[in-house]
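The chain below stands alone and is given as structure tokens, in the form predicted alone.
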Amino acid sequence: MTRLAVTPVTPGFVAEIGGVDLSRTPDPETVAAIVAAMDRHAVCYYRPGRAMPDDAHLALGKALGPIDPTPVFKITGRKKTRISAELQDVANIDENDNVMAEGSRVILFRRGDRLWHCDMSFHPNRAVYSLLSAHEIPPEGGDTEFCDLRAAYDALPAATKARIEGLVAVHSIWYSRDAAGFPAPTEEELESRPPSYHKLAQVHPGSKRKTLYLASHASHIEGWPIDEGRALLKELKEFATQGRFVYRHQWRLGDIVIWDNRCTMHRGTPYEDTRYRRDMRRATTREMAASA
């Protein structure tokens, strides 16, 4: 039987996986091997050289955990997605297969992905794995950076670890979008996704390592003065995104990158999003229950 090949990219963070055809629904042993690689490396990428069909992409995601197709928020004026409702359409392409124009509410919203974040921290039932598939990539720009929040936690001074223990951050998708220049959310948008609450320091379930849980969605610290909480969050994000904790993925057509949102942050890098096509599709597995 062919076994999953795991090739580390950096010590303890990021690996390339291969040796098996992941366009076929993986068997239990392959799933276990992917989960073990994820628990060790937190970010893994697979390079088949061509875009994986949506049904195969979904099958791979569902093999790794539950996927809830229910929309997690609304963008006013957005029309029906181009792809399966179980995949997140994170492209800059409209339903008529055209690049979206400057001023599009979707384009403005997606620019918020250039801030450091973890997917769905603004939801009580968080994302576990994100599986992002590259169907089209721009000729320049549009890379994705990842930071290792377990390594960052390990490197914190003991006094900081003690200070943040037990603290809860308040996360809102609309807070991060405001920071990225998105227009004031409509009532429809606000009602579609209220804030959520998550501990700032957590134990990662798979590796049992302590990790920070940060995101641009984190607005403030519950029970603290707003300015004081935001200053702490800024300090921690700047610490965690130092070069020693960061990996930059340069996309190739067909790449699928899988990351664990419970112990990483990521961000897209800029590209000319009203000129070049960037067709990225994401399957997202979810926790079985809300985090503490």
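Keep in mind the model is a prediction, meaning the values are calculated, not measured. Sequential numbering from 1, following the sequence displayed.
Keep in mind the form predicted together with a small molecule is missing from the figure; the text below concerns it.
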Original post:
Of 144, 211, 196, 176, which residue is found within 4.5 angstroms of the small molecule in the model of the complex when only non-hydrogen atoms are counted?
Top reply: 144
Original post:
Which among 233-241, 259-267, 43-51, 26-34 is in contact with the small molecule in the model of the complex, heavy atoms within 4.5 angstroms?
Top reply: 259-267
Original post:
Is residue 107 close to the small molecule in the model of the complex, meaning a heavy atom pair under 4.5 Å apart or at it?
Top reply: no
Subject >> the small molecule contact at residue 87 in the model of the complex, heavy atom, 4.5 Å >> reply: no
Original post:
Can any non-hydrogen atom of residue 119 be found within 4.5 angstroms of the small molecule in the model of the complex?
Top reply: yes
Subject >> Close approach of residue 134 to the small molecule in the model of the complex, 4.5 Å, heavy atom >> reply: no
